[in-house]
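One chain is shown next in structure tokens, namely the form predicted alone.
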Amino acid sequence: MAACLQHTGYDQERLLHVSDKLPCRVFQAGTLLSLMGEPSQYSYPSIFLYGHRSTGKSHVVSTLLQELELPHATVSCVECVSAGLMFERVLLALFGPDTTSLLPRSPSLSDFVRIYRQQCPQSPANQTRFIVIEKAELLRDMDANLLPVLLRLQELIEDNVTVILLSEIVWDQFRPNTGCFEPLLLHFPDYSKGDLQQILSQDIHPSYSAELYSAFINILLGVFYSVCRDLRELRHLAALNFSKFCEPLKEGKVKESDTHKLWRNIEPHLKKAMQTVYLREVSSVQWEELQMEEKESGAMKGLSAHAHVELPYYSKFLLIAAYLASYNPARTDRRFFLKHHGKIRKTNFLKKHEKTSNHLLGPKPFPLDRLLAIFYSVVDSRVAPTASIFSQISSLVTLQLLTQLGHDDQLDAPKYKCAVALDFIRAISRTVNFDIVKYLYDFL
């Protein structure tokens, strides 16, 4: 029997309904509900929820607040690019649209606190108000006093309000050097293989039995669990590949109980899908087209391995930077990528009698630090050197868009070469509105 939430301040039937919507996260939901307390009680001023991506943080919080009908405002730091937008969303959700007109054009923290305190007597809180802030790690890039104020907003406003921060990083990377009010911490661990099996098995197909779909999920996790534990990515892969899994059943060749023959049919298809995990080398529609073409001709056609690659945003800029590093001499980097490079005499920069087309000579190897330096110069936004950037470099190597030179045990930094053609990189550059020709030495 599945675990269910229990709390004296809420109706048990409603808690049972909430528990059904939170598979494998009832323990975390129960802990959070205990921290929130009964609706009429004063809750703790701030709660910090952290865990990796797709661990159920937003789902648990939104389900509890909506199903238990608690007054709340949910804002995302990705959408609210300024503190003013965040203040407007919070006041709109808690006090209605008339309140937002009281904010000045560029509201400050003191404006937000003043208007909030003015609205409290007009709309007294008989329940705790909750302010949920998603992607809270972006608060560190906003005003330095914003995070400390949010953590003790209850004290400043003198109202029964609790701020819930959701983040993918730990609290130690949040804590300001000047100190701040410490929130309560609640960790959301990664889903185990059994948890993923239970959650994904709920997405049953109406035309097939639940046992068949559960067997398919078991096969899928057996292949992908070691390299991917992201629930959303696994759900995407399951939706793409289930029709291929059921092809022998539609043709009447096997029965649902013959999982061994079904596995032999889907195995080569899953190996191809392994190359597109996270990177979306083909879209869902294109993947279905490939399945139809394979059925007709027995081989992939229409889309070559690199003809229509759909890479993540920063992977495209990494590939552009790699192409520039391969085909531009290192001495030209200052000319192309340094904003305040000073005056460079054209006669010294362009020695045409010595110049040979680098595109005819082929790509040159380049070190990792040069690749990252060019990448940070050409990308529009400021990007921190996180593990995600380095993992995308490895993925480009796996896709054979980059070639790594040397061995894994080499002592010095690894070197790479770009393995794509000019037409291909120009097509990639157009998708991000980057004119790569202006940065190529051969086209000066």
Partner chain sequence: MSKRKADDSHMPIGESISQAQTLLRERLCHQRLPTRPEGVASQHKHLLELLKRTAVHGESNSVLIVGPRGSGKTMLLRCVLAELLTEADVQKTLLQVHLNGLLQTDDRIALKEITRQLSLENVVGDKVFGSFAENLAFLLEALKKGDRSSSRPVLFILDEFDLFAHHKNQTLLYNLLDVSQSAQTPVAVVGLTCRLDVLELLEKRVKSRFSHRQIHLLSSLTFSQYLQVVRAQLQLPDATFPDSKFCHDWNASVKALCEDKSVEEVLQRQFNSTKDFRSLHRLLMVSLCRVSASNPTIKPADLVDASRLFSADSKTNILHGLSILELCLIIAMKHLNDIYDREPFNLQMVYNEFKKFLQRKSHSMYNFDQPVVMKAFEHLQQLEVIRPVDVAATRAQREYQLVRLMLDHTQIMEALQKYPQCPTDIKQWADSAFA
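Positions refer to the first chain, counted from 1. Keep in mind that this is a model prediction, so the values were computed, not measured. Superpose the two forms; the largest set of C-alphas matching within 1.5 Å is the rigid core.
We do not show the form predicted together with the partner chain, though everything after this point is about it.
- Contact check for Gln28, His72 and Leu262: none of the three has a heavy atom within 4.5 Å of the partner chain in the predicted bound form.
- Using a 4.5 angstroms threshold between heavy atoms, Val432 stays clear of the partner chain in the predicted bound form.
- Though the partner is left out of this view, Ile436 does not reach within 4.5 Å of the partner chain in the predicted bound form, counting heavy atoms only.
- Looking at Gln154, you'd find a heavy atom of it within 4.5 angstroms of the partner chain in the predicted bound form.
- The partner chain in the predicted bound form comes within 4.5 Å of a heavy atom belonging to Ser34.
- Out of the listed residues Gln122, Ser257, Asn126, Gln173, Gln173 is the one that sits within 4.5 Å of the partner chain in the predicted bound form by at least one heavy atom.
- Exactly one listed residue, out of Glu211, Asp333, Glu233, Glu247, brings a non-hydrogen atom to within 4.5 Å of the partner chain in the predicted bound form: Glu233.
- Residues from 176-190 that approach the partner chain in the predicted bound form with a non-hydrogen atom closer than or equal to 4.5 Å are Thr178, Gly179, Cys180, Phe181, Glu182, Pro183, Leu184, Leu185, Leu186, His187, Asp190, in the order they occur in the chain.
- Once the cores line up, the CA of Ser58 ends up less than 2 angstroms apart between the shown form and the other one.
- For Glu13, a C-alpha deviation below 2 angstroms is recorded between the shown form and the other one after rigid-core alignment.
- Once both forms are overlaid on the rigid core, the distance between the two CA positions of Leu22 between the shown form and the other one is under 2 angstroms.
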